[in-house]
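First, one chain by itself in structure tokens, the form predicted on its own.
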């Protein structure tokens, strides 16, 4: 009986963790640049005396799908979407460089170029800061130009740092930003291209997430029924012993 309880408890825990991940995906179905997460698992044979027949499901880790989301036209000068592969470099809350596909940018009162979440956007030499201006434009190669406050021709004032690492070298962190697994900052890639006036959406498919969520709910219920059956069998065995 303990084998049934052992395995069904592990299965229920795994289904519950996977449900949390899919619930987070659904919550971010409209978040620009969001990358869908998933849980990978594997079967592990238990070792030790009396554990020879036990196999446990174990969470291997979280992963993310890197397929691009749909591009929506916004017409806003500070909305930029990466065409194909590549990432915007930003300064994370820990002060280190991190990467995102969310190109919904803004400029604060001090002229700092920020993400919608308030993170500084990195340029060639660090966070970008814009001088007084009438307007801002971002080119296909990430070049940032302004029309000065006093008017005149556009002037280049910096360039977004765009990177293009192998997806095997980066992973999503707790704050939703991607960082290199080695912990090192990446070099800029001049081949990455942007489209101004567009915003990349989330790559979450709400229908797929709902189907996965319902399937996991059924799996969780099945594991709970197994636990109850094990309890009923134990109670029946106890009654048989008492009645003898």
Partner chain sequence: MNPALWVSKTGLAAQEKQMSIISNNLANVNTVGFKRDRANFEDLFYHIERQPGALADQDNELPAGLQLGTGVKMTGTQKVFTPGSYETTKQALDLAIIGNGFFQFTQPDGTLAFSRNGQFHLDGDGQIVNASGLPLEPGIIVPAETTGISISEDGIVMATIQGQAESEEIGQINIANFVNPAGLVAQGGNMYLQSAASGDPIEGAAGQGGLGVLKQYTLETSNVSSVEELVNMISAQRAYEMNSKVIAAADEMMQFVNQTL
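All values reported here derive from a predicted model rather than from experimental measurement. Positions refer to the first chain, counted from 1.
Here the subject shifts to the form predicted together with the partner chain, a form of this protein not shown in this document.
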Per-stretch contact check against the partner chain in the model of the complex, the hit in 73-81, 91-99, 158-166, 120-128 (non-hydrogen atom, 4.5 angstroms): 73-81
Taking 30, 134 and 225 as a possible spot, do all three reach the partner chain in the model of the complex with a heavy atom inside 4.5 Å? yes
Going by a heavy atom distance of 4.5 Å, is residue 173 a contact of the partner chain in the model of the complex? yes
Mark residue 39 yes when one of its heavy atoms lies within 4.5 Å of a heavy atom of the partner chain in the model of the complex, and no otherwise. yes
Any non-hydrogen atom of residue 66 within 4.5 angstroms of the partner chain in the model of the complex: no
In the model of the complex, residue 214 touching the partner chain (heavy atom, 4.5 Å): yes
Select from 12-29 the residues with a non-hydrogen atom within 4.5 Å of the partner chain in the model of the complex and write them out in sequence order. 16, 17, 19, 20, 21, 23, 24, 26, 27, 28, 29
